[in-house]
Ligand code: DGL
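In structure tokens, one chain follows: the form predicted on its own.
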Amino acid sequence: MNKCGIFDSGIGGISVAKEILKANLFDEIIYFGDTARVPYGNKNESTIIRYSLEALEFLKNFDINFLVVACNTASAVAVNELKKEVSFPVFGVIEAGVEALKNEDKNSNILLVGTKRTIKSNKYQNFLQKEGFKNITSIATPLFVPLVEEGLIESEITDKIFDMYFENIDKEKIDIVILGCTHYPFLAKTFKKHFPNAKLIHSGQAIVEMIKNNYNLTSVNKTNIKLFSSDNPTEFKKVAKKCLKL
């Protein structure tokens, strides 16, 4: 039985779990949201690594044989440490997100948004530059995470925060927006409103393609999912199931 463990700092990774669930690649998905300690993006590197290793230890109780780090911050700083602890595949969302751009024009104007830790790590920027992309603007947008966690997906305050972060950006000239946090796809409608000409890239679809390209998994009839969180599990499951349309 193929079991995929997925973890994120909170509800955001459900955007990745949703795509993996639809793909029917695994018999079961075990999702863990570390809601007691969200967000990871404002923590230091050693703390993020410790939290990630603790999430892995929890997921190992379910005999998983794949791990998806559905958190860009943890993917930026903890993937290598996680790989040292297990013999099964570990996928981070940053590599998948960059892989999704492989056929795009190298002269595209790219806007990368993410948490402070993800932007500061320069992982996305370095990968993109290696792929030949030249026009990259990076902006830390940490307030987007609590907006999603609080369910403020489309609201006046959301628009005001967008205006604050992007006041110096010529929105019409942005070709691609990389949603460098798995919370951000839930804000997709607002991103499209503010960046009408941009293609949005998020990690859920990219992770599915990366798994398919690297592993010959036989499709299953239906993938089951179990949902866990480190705080307020009842409310977490309610919101997660709504997002997953279960």
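All residue numbers are counted from 1 along the displayed sequence. Worth saying up front: this structure is predicted, and the values here are computed from it rather than measured.
Below: the form predicted together with the named molecule, not depicted.
Residues of just one listed stretch (217 to 225, 182 to 190, 22 to 30, 56 to 64) have heavy atoms within 4.5 Å of the named molecule in the predicted bound form: 182 to 190. When the named molecule is considered in the predicted bound form, only one residue from Met210, Val38, Ala198, Ile201 comes within 4.5 Å through any heavy atom, namely Val38.
A residue is said to contact a partner when one of its heavy atoms sits within 4.5 Å of a partner heavy atom; Val145 meets this definition for the named molecule in the predicted bound form. Contact residues in stretch 114 to 130 (any heavy atom within 4.5 Å of the named molecule, taken in the predicted bound form) are Thr115, Thr118.
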